[in-house]
Structure formats: structure tokens, C-alpha cells
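Next comes just one chain, in C-alpha cells: the form predicted on its own.
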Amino acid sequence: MSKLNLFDMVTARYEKAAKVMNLDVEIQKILGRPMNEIIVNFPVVMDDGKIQIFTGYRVQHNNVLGPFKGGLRYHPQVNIDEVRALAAWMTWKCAIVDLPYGGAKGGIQIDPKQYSLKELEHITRRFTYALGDSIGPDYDIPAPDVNTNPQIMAWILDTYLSTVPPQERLRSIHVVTGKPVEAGGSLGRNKATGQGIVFTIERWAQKKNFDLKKATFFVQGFGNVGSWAARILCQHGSKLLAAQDHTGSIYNKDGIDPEDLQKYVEANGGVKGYKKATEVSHEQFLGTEADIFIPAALESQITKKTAPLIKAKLVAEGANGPTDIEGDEVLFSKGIEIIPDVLCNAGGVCVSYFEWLQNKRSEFWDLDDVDHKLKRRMVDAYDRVDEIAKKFNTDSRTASYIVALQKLEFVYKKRGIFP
């Protein structure tokens, strides 16, 4: 499978789980396709006065459990196939961690590095306006994703609020999550996905009697997710041996300080050139001899070609869809365990939910409260998946999908289909 067939990959995994659990055929038809697909083409005046047309997407996969929820990404490879896949993943993810949300995803097909801050603001605001009523605080709630951040969420918030009546504005700040804390965001949201990854690794280690104090690991992608996962995991005494991002790959057998590396990446735009580690090839990076591998970059990184290089005991998927179907088969054949993406990286949407709740209730929770609630939700979800894997004698990824599908099937059967 390639990136071009991402939705096909999601569909194949979904159908595999449906077959294993004997999902109701009629409900399988409903869940097999998105409810809504929105494509907007909108003009923006650039700094030089010229007009450029941009294409934006929002795919709303399913909302039987609650409002649509999912991130917005700004990336040159954003396309309808990718967004469909990511929206479906969000449906499964929210169901697995027991959130009252459905799945959605969106984005704009741009390379944000090619635009000034002012242009990005204009693009973001115009995209928000073009989406119109397709988003809303109790209908569809966007959040940050690849190349988007709290600043972009603040622009979306401000633009959306300007379109609703004044008396509704303070009741609508939960239209987006991942906002700056000062603008209604939640403590812990910035590290949430990385923190959730570590909570699932902790649970895996507990069940395997594996000592994280002696663990070694390596991380692909050293942005928000990968860097936070590395920093938090090192607090257990684990050692980061290698890191990779779009600029290159680095390795140090004696360990890399993730706090120091993060500061370097912020200053230099990537890991390349980091003086306290050696530059290595992509193949050498993937072949790092370590206990845990955390892929936290883009989709389809672990394939039939690259999976044989991996020697880790555990792959904890921080990214969405980092392993394709053939890659899965190789990892399973090698006895490498997987904490699948729809479980492993769900910490971000969990804390987005906490932010949404705080906004709705006019509350503000301290970081200990957020972390405690997140840990409980991630551990409970891990245990549900583990139990289903044993019950159906299946792999962890299929078990994750079954957990989601069982919940969705139950709700659909209780509610029925209109008319």
C-alpha cells in the first residue's frame, strides 16, 4: 500500500475487524463511507497583492457518538483520499477511548513554509469563513494537526466568533480545541499526544514486566508529538538512541538528551547538524537496536521494504497510519508488538475533549487533573483492547478496531435508522 491508497488501507483494516467480530452487515455499510465531504476553493490576496486560490477539505466521517472531531493539517500532500482516511481513524479513535465524539479531519493543500505569517493568517481566516456552518462548537470541532498550532486555532476561533451573533460568542469558544491557554485552551494539551503515547507504553511495560528504566528507544519525527514522547519517556530513565525528521537522522549509542535536542530543533529547524550525535542513513536509523520504536512522522513509513530493518520489541505508533498492511505482516511475523495508532496517539483528542468540557462548563483544570484523567482514559482503553485481542485471538490493531466497532454497532442498533 502507498500513501495514495490510504483510505483503501483504512477500509481493509476495518473490513478485517468487521469479519473477525461478525459486524452487522447493514451497519458495516454505514460505517464504510463518510457522511459528508466538503471541498472549498477560496481566494486569498497575497502580500504582493496577487490572488492565489487554495483548496481546503473537511471530511465528516460519522457522528453517531457525538459531534464530529478532528484536526486540520497544512501540508502539500493533503488530498481527499488522505482526509477520508484520517477522518475514519478519528471515528475509531474516539470510540476506543470512550469519548462522546465522532470522527472528522480536514486541511489545506499548502506548504506553510512558503508563506508569511500574515499570509497564513489570511489563508486560515478565509478557509474558516469558507467552511461556514460546516463547523460549530457542538457540531464539528477542529483542532491542530500537522503544521498547525495554537496560533492557527486562535485565528479560526476569532473568525468563527465574528460570524455568530454577539450574545452567542462566549458560548461558542469550544468551536476549536488546541487553543492557547490564555484564549480558552487547556493545560497539558501541547504535550497530550506524547503523554498519551507514554501512558500506553507504561501499561505495556507493566503487563510485560519490562523495566523502562533500562529501556532504549528511537523516535521518527521530532516535532510536537515525537519530542514530547521522548522527553516524557526519558523521565522513566529510558535512553533515546536515535531521532529522525525531514532534515535527516542522528544516532548516539550513549544516548541523546531530548530536552537539548528539542532546543536545537527549535533554533535550527530540524535534527540535522546536531553536534552531540552522528548523522546516519535512513536505513541505519530504522535498524537501530533498541527496545522501543516510536514512529511519530507521517503515514506509510513502515512498509514491506522498511519493516524488515526494525529490530525493536515494541512499535508505539505516535503518527496516524505509520505502518501499512504489508508492514504489519512483517512486524507480526518478527514477533514485534504494536500499540496501534488509533489507541497509542489518542491522548491528543482526549485532552481536546477535556478542553471542550472546560469551555462548556466555564472551568479551568490544573495540570495534575488533566494528566490524571488522561492516564485513566488511556490505560482503560489499552486494557479494553488487550482483552478483546485475547477474546478473539487476534492482533492488537484488529482488536482496537473491534473495540470501536462494537460500541458503534451497539449505538446504531439501539437508535435505529431513520425513517
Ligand code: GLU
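Please read these numbers as outputs of a predicted model, since none were measured by experiment. Counting begins at 1, following the sequence as shown.
One more form of this protein should be noted, the form predicted in complex with this ligand, which is absent from this view; the next part is about it.
Proximity to this ligand in the predicted complex, taken as heavy atoms within 4.5 Å, picks out 68 to 76 from the listed stretches 68 to 76, 263 to 271, 331 to 339, 227 to 235. This ligand in the predicted complex comes within 4.5 Å of no heavy atom belonging to residue 220. When contacts are judged by a 4.5 Å heavy atom cut-off, residue 320 counts as touching this ligand in the predicted complex.
Contact annotation for residue 348: at least one heavy atom lies within 4.5 Å of this ligand in the predicted complex. Although the partner is absent here, residue 128 is not a contact residue: none of its heavy atoms lies within 4.5 angstroms of this ligand in the predicted complex.
When this ligand is considered in the predicted complex, only one residue from 124, 244, 177, 200 comes within 4.5 Å through any heavy atom, namely 177. For the candidate set 88, 95, 143, 302, a heavy atom within 4.5 Å of this ligand in the predicted complex is found for exactly one residue, namely 143.
The candidate site formed by 13, 61 and 398 is entirely out of contact with this ligand in the predicted complex, as no residue has a non-hydrogen atom within 4.5 angstroms of it. The partner is not shown here, and in the predicted complex the stretch 385 to 412 never reaches within 4.5 angstroms of this ligand through any heavy atom.
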